[in-house]
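The data below hold one chain only, encoded as structure tokens and taken in the form predicted alone.
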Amino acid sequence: MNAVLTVDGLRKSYGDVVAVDGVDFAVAEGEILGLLGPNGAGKTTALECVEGLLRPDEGRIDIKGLDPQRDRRRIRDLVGVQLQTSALPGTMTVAEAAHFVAAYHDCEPRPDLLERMGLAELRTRKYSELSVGQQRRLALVLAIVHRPVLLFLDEPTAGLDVKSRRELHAIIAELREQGTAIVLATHDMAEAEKLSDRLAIMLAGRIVAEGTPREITATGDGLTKVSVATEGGLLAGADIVLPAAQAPFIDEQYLVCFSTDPGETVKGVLDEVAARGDRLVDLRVERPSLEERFLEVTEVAS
């Protein structure tokens, strides 16, 4: 893995409160890591340490061979950060903000980004006059104007309408294809599952689960839902016992059960359909959602 960011043994405490307790993770070029966790899990503290805003108590942080504390000047042009709140002056216009940040990074402004995020017509609008959604869109533009190799997104779609959310997702996908490493901190499970290559779930300062979205949802005690409908409906009225499954029940025209081994259960369904001379119309196998798995992980770990 060609790692852009490597974090080893990261610890940060506030007095007797341990906010981050020995966290390890890495993000490669062109990879999106979704960082999940309930409020107070330590996500923000960990990211602020990585971004150089906080000095960790212990651990190593490596961004393309540089240290966020020791190499601040060199790192600032490698990293982009979209925070939930901005410290821009309320009297600064959209155009002034775009030119100011571009000048800070010694790069050209990106009017194309303003256009894509629906801000081109608001160039003369003061920051304080923007809606929450417009401020969030501007924050993303400012975070990527210098084409960073590592991008941090903190609840990037909060307050955005459907069109802006779709455009932001498209921009994130393009950045990923161009090789940008992205850390996405979000409470939106559907967004995390859709965008992330890997997920890390934090709880009480530690990473308690890590893997691809499919690996995360495939583990644990979550049962797979199996639903079947047949042409003659012969399964619906039958007293059926299916392998590796809880007792089935009827939901409208479907026979439904929850399985610990969907492969065995589906085989049993097909055998029952054939034995009754019926014909399969619809068969659905639905793994647990990321939200369900997230709740299970956090409840068990706590």
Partner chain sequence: MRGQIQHFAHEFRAGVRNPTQLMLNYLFPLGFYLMMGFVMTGINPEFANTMTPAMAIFVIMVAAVLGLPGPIAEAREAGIYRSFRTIGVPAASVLAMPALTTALHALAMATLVSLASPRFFGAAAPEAWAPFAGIVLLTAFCFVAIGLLIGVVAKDSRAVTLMSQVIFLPSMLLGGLMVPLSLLPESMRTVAALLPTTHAMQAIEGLAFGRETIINPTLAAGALGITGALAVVLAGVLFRWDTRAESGARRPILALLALAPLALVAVLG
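Here the structure is a predicted model, which is why all the values come from computation and not from measurement. Positions refer to the first chain, counted from 1.
Beyond what is shown, the protein has a form predicted together with its partner chain; the following relates to that form.
Interface residue remark: residue 55 is counted as part of the site for its partner chain in the predicted bound form, having a heavy atom within 4.5 Å.
Contact between residue 227 and its partner chain in the predicted bound form is not found at the 4.5 Å heavy atom cutoff.
Mapping the unseen interface onto this chain, residue 231 falls outside it, with no heavy atom inside 4.5 Å of its partner chain in the predicted bound form. Among residues of the shown chain, residue 107 is one whose heavy atoms approach its partner chain to within 4.5 Å in the predicted bound form.
Against its partner chain in the predicted bound form, the set 23, 131 and 165 makes no contact: no member has a heavy atom within 4.5 Å. Exactly one of the stretches 193 to 201, 88 to 96, 179 to 187, 157 to 165 approaches its partner chain in the predicted bound form with heavy atoms within 4.5 Å, and it is 88 to 96. Of the candidates 171, 83, 223, 144, 83 is the one whose heavy atoms come within 4.5 Å of its partner chain in the predicted bound form; the others do not. Contact annotation: of the candidates 123, 116, 76, 206, the single residue with a non-hydrogen atom within 4.5 angstroms of its partner chain in the predicted bound form is 76.
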